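The chain below stands alone, shown as structure tokens; this is the form predicted alone.
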Amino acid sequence: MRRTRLTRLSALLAVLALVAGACGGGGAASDTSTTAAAEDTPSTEAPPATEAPPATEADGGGDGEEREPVTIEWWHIQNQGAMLELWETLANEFTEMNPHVTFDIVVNENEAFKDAIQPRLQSNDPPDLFQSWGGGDLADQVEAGLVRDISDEVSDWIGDLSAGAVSLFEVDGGLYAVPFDLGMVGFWYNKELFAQAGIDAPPTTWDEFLDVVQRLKDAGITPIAVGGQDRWPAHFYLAYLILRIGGQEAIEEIAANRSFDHPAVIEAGNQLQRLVELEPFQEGFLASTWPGPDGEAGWIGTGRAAISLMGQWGPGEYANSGGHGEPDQLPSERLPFEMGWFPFPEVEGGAGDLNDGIGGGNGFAVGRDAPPEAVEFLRYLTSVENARRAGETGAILPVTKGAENSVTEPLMVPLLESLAQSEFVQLYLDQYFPAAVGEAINDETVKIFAGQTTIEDAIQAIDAAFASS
């Protein structure tokens, strides 16, 4: 049976620190072969690379011997802005240092990636490097023999990364992916719209949150944007309510029993129903994606809705989808309004703590037939100098030790403060559980949002997925 994990913050927060100030970001793309399902973005001048990766076996230890050409197929989801530019820049730099290496880069938006990767995995032909969130999906890939245990290959440098972040990509003692980002989901909100509704401070309890929603509606403001079509943004609400009501213990019991038939889940569904009955979401939310001008991010980025429950990547996408600024600017510099952040509120009588979170990391899994150069590239990508370049974009929270103070985006300060006070962070439920269960969680949550099911029926559907996984 695959192993699932809960991640305690004592390990997970080893790399996060608070800083403030100004920074630059981004990087220029050159001639690396790239297939992108994204808009073209302006280039910015990249800072020079300051660290070359050690010579790989294929390089012959730097003896000048000509090597066989190697192509690394790399799939990622940083499809807009400074991170799109930086990832391509790092690939170009690696190629310059390793002339026998070329890259075939495929870039997709989150949901498009999930759809596109399935035929490759089903045909036992995974890319050399591809986006991973760990959890149940990675465990399934391990069980199917699609990814490679890279524990030995990275043993002399993986200690440079947060142990907590690395643990998200371990399965039964083996390491199958390398993390580059770690964070937590919370509420991003438009301070100007809150002020228009006479709301002076963000809510700290669920009842206060429901009151804020009603006050926004009464002021003629759309309270919440959610990407119902993509489904996973909606699941954050149910996941957080389970965590706030039942705490860590409830999640552990659900996982151990392989059943969502738990008092915390039932009460979470009842509390979610209270929110749904307020009709707080944007028009057409069930057909709305996460990114894009008409998606959740676009509704927030253009000031048409006040609140979005999203991870640390939210502000950058709000700016992108809202059409604001240049990709080398911080999100706070690009957005035309002041944005704030607050943790998911407490539920009165619940066992969960206000600062405990739903979150996780981004990483790259290594396909089973990937060349050794692919792993060496991950070493280069997560080196402290390059992790700092990524942190300076304001789009990610790097996990490399020594890169902490590169995160100077003011919007991240309250998120990092909450992380620093957390004792427990739960991996996103649609990633934590087996893939079929994660799909059922997402599907059933959206049905609750649409008024098409009850929490009792949703539990039955999710447990059916458990039984078949």
Partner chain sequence: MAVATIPVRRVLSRTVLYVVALAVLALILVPLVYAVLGGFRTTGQIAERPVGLPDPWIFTNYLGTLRSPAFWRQVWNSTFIALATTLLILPLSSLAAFALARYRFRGREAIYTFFTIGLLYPVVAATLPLWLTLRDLDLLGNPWGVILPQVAFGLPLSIVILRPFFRNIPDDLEDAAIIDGCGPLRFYWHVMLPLSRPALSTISVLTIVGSWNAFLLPLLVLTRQDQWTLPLGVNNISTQYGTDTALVLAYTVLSIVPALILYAIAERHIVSGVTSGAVKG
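Numbering follows the first chain given and starts at 1. Note that this is a predicted model, so its numbers are computed, not measured.
There is another form of this protein, the form predicted in complex with the partner chain, and it is not shown here; the text below is about that form.
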| query | finding |
| --- | --- |
| Touches the partner chain in the predicted complex: Trp75 (any heavy atom, 4.5 Å) | yes |
| In the predicted complex, Asn320 touching the partner chain (heavy atom, 4.5 Å) | yes |
| Pro119: touches the partner chain in the predicted complex, heavy atom cutoff 4.5 angstroms | yes |
| The partner chain contact in the predicted complex: Glu109, any heavy atom under 4.5 Å | yes |
| Selected contact from Pro99, Pro293, Pro263, Pro336, since only one has a non-hydrogen atom within 4.5 angstroms of the partner chain in the predicted complex | Pro293 |
| Contact assignment for the partner chain in the predicted complex, among Ser383, Ser132, Asn79, Gln329, heavy atom within 4.5 Å | Asn79 |
| Which of 383-391, 210-218, 122-130, 240-248 lines the interface with the partner chain in the predicted complex (heavy atom within 4.5 Å) | 122-130 |
